[in-house]
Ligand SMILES: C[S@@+](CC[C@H](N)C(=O)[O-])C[C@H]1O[C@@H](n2cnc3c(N)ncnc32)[C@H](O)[C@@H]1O
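One chain follows as structure tokens, the form predicted on its own.
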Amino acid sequence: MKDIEVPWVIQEHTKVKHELLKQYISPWMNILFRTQKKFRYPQVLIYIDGFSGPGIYYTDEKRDSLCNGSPLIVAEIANTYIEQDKSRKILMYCIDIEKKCTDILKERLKKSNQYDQKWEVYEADFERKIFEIISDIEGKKLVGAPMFIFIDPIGYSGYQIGILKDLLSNPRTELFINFMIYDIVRFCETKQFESLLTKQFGDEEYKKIDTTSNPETKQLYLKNLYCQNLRKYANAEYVMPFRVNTPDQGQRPRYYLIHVSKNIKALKVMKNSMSKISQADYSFEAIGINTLQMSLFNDPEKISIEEKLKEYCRSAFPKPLEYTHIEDWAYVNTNGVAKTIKDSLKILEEKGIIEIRRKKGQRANTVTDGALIRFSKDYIHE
């Protein structure tokens, strides 16, 4: 990176990542601060930016205006919440191996630090520095504090999947990983990248890719393998890959954004945030971890959700399922969010495929907590 001008012009796909981060970090802070206050815990949150860059970008090739990168976006949101309650603390740790980047970021972050928070910038290798940071957090007796770690390599740089297991040892940690699928497909058959990819995936199963297949099939295989290995080697419980369809690459995404956590509520908040900003040019796909089917949030053909819900309800017959149980399952295994899940259940009810027993006082055209849903015996053999 030594010959590259810093900062550089922001790319369109980077704007999308930043928009999602902005949309998610705010409710993340809001929900967790309110929860901590309710239960009289110290109001402390931790944000780690694994490949922070300089924190600023040129907005276009004219290079006469700047926009914020991920650390400064988070800093701006953090100031808003700290202003509401000065007892709140947000620890921020930013890591980048390039001195040009860290020098700029240190200056910018210092100016943004309105409330004297611990906001640190390190010129270091991510793999090595992350454990020093975790030790620092442990030394402050903040082991259980909610932590959000944004792992966003510039270009392609590998890191050992096993370190994610250590990060997830705190059950309140969330990882948001930029999985550079476009570059990984290009490199996966190249000898010189073997060691990096083996670290990234945790084993050599990626070598079983069908080298004669088209790029889309290769991407699907590698994405699914990585998600599987996040559960296998990082002990992740909830893994939700979001595909970002990049306009100038047809249906081949440049990257997947993968949300990793041990908390179903965290998955729901992330998925809801993603669905709100999905747009025509950059359509986000939430891909259920137990299926190879990929569907857009704004996919008009809800049959894919309906079919999955139908089969799930059928599998429980004759027992009824609580709506909350179905919603949790559908968040993990379909592209659905609350609205589309409920809409699909109402369609199945209208067709007579399921029966919805609502609690007293619940309206007939709604599906809410407390409702019991049973597969119709008339359809059990179809």
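It should be emphasised that the depicted structure is a prediction, and the values quoted were computed from it without experimental measurement. So that there is no doubt, residue numbering starts at 1 and follows the sequence shown.
Form predicted in complex with this ligand: not shown, discussed below.
- The candidate spot formed by P171, Y226 and Y233 lies out of contact with this ligand in the predicted bound form, as no residue has a heavy atom within 4.5 Å of it.
- For the options L196, I97, V185, I161, the residue carrying a heavy atom within 4.5 angstroms of this ligand in the predicted bound form is I97.
- Put simply, of Y323, W28, Y331, F51 only one has a heavy atom within 4.5 Å of this ligand in the predicted bound form, and it is F51.
- Per the 4.5 Å heavy atom criterion, this ligand in the predicted bound form is contacted by stretch 68-76, the sole one of 68-76, 206-214, 138-146, 81-89.
- Proximity of F33 to this ligand in the predicted bound form: non-hydrogen atoms within 4.5 Å are absent; the residue sits far from the partner.
- This ligand in the predicted bound form comes within 4.5 Å of a heavy atom belonging to C101.
- This ligand is not shown here, and in the predicted bound form it never comes within 4.5 Å of any heavy atom of E132.
- This ligand in the predicted bound form is not approached by Y379, whose heavy atoms all lie more than 4.5 angstroms from it.
- Residues of 119-134 that come within 4.5 Å of this ligand in the predicted bound form, judged by any heavy atom, are A124, D125, F126 in sequence order.
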